[in-house]
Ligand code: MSP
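First comes one chain, alone, set out as structure tokens in the form predicted alone.
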């Protein structure tokens, strides 16, 4: 049995979960479920990043202890992940005592590549990183992701010497030792790597105390990268345990806005530790609202909880896994969502199940034996290339083909004419094909596919209410 390890980026808990977080969990969940169906043993990581200035400042604004603040927000994220049906096996908090201790040991093991220096430069508190003068100038002094001016900071911190690893990282990316998806992001990362400076990995306790203490220096705490990125391996037991059974990860899922850190800083850390790089680093695009980037100031932020509550989990997963491209920015509007629900889920799949099950029950048809399910070759090809939205499209074409076959083969006419042998062959063939399609749909809309398997179990029992009731 193969072992597959799948990871998601750990979000800061200084705000509420958003659609971008949902994409991380849903995409990773699809892959995890697919690999389980293929026979793999899967570990699927999720978690939260609870350290840093943004979190500490937010707790101060609210006038509550930072520990209380992160406890409450972490529960919100855990509830959100559960609502998305993400089948994770491991959950990590960066405030976990064992994680903090393991991070300190990782720091010690990277010490040959860490140095202390004074630095004066431009800093984005939203990205939690320094930027070069060129990047600051190119962006007009304003961070494009957070729409806030860069701050001028002067501070003595520890730095991870990225320059020690640039050549090796470039070779790893170019050779696809660490496959970056989509392909055009790979080119972007190679260009960023050329210009990448050494990265600050600590902050002075004069400015921040909420973090993991730097080993041997009480005047500094770890900041973001060694603390946060290490979670992918500390959750497996590193460095206390041998993690080679699970590491390298089969796939790490991140948003495009944090790909640069996962494609440059994370490989540098792993190389410094003597560990292999993840096999695949997949970055997904943003979800736009009616063609525009979501923004609180514009007032067009789509609340994922509201979308979930409109028609349920699988309607949510259907829209964002099929109609949102796996790799590039995609658009959401309520009109598109309602159209996908009513005209695709309800009409294509819901009606298909209702019609077939009703015909089978009325004519006392049952399957002669338990079908043996298998993946189509094209489905496997697309899933193995992480082309999830295309794989979903492919299976949905099969759903639509089954609807056409019912109309063409007219089983109700066979029943009316008393052609029972032809009717049995027709309905059994349609049901077996539907169940095989249902099997391939199960990584995407697992709750619905489980209900469909139950409908066509012996005895076949049409659903009492539609799978996707229309308003």
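Residue numbers count along the first chain shown, from 1. Just so you know, these numbers come straight off a predicted model, no measurement behind them.
Keep in mind the form predicted together with the ligand is missing from the figure; the text below concerns it.
**Q** Looking in the predicted complex, any heavy atom of residue 102 within 4.5 Å of the ligand?
**A** Heavy-atom contact with the ligand at 4.5 Å: absent for residue 102.
**Q** Can any non-hydrogen atom of residue 85 be found within 4.5 angstroms of the ligand in the predicted complex?
**A** Flag for residue 85 set to no.
**Q** Please run the contact check for residue 9 against the ligand in the predicted complex: heavy atoms, 4.5 angstroms, yes or no?
**A** The answer is yes: residue 9 has a heavy atom within 4.5 Å of the ligand.
**Q** Residue 285: heavy atom within 4.5 Å of the ligand in the predicted complex?
**A** Yes, residue 285 lies within 4.5 Å of the ligand in the predicted complex.
**Q** Which one, 106, 228, 268, 345, lies within 4.5 Å of the ligand in the predicted complex by heavy atoms?
**A** Contact check passes for 228.
**Q** Pick from 124, 294, 180, 357: which residue has any heavy atom within 4.5 angstroms of the ligand in the predicted complex?
**A** Contact residue from the list: 294.
**Q** Counting only non-hydrogen atoms, which stretch in 381-389, 304-312, 166-174, 247-255 is within 4.5 Å of the ligand in the predicted complex?
**A** Careful reading of the contacts points to 247-255.
**Q** Does the trio 33, 396 and 435 actually contact the ligand in the predicted complex, every residue with a heavy atom within 4.5 Å?
**A** Per the other structure, none of 33, 396 and 435 touch the ligand.
**Q** Who in 37-67 is close to the ligand in the predicted complex, meaning a heavy atom within 4.5 Å?
**A** The stretch touches the partner through 49 alone.
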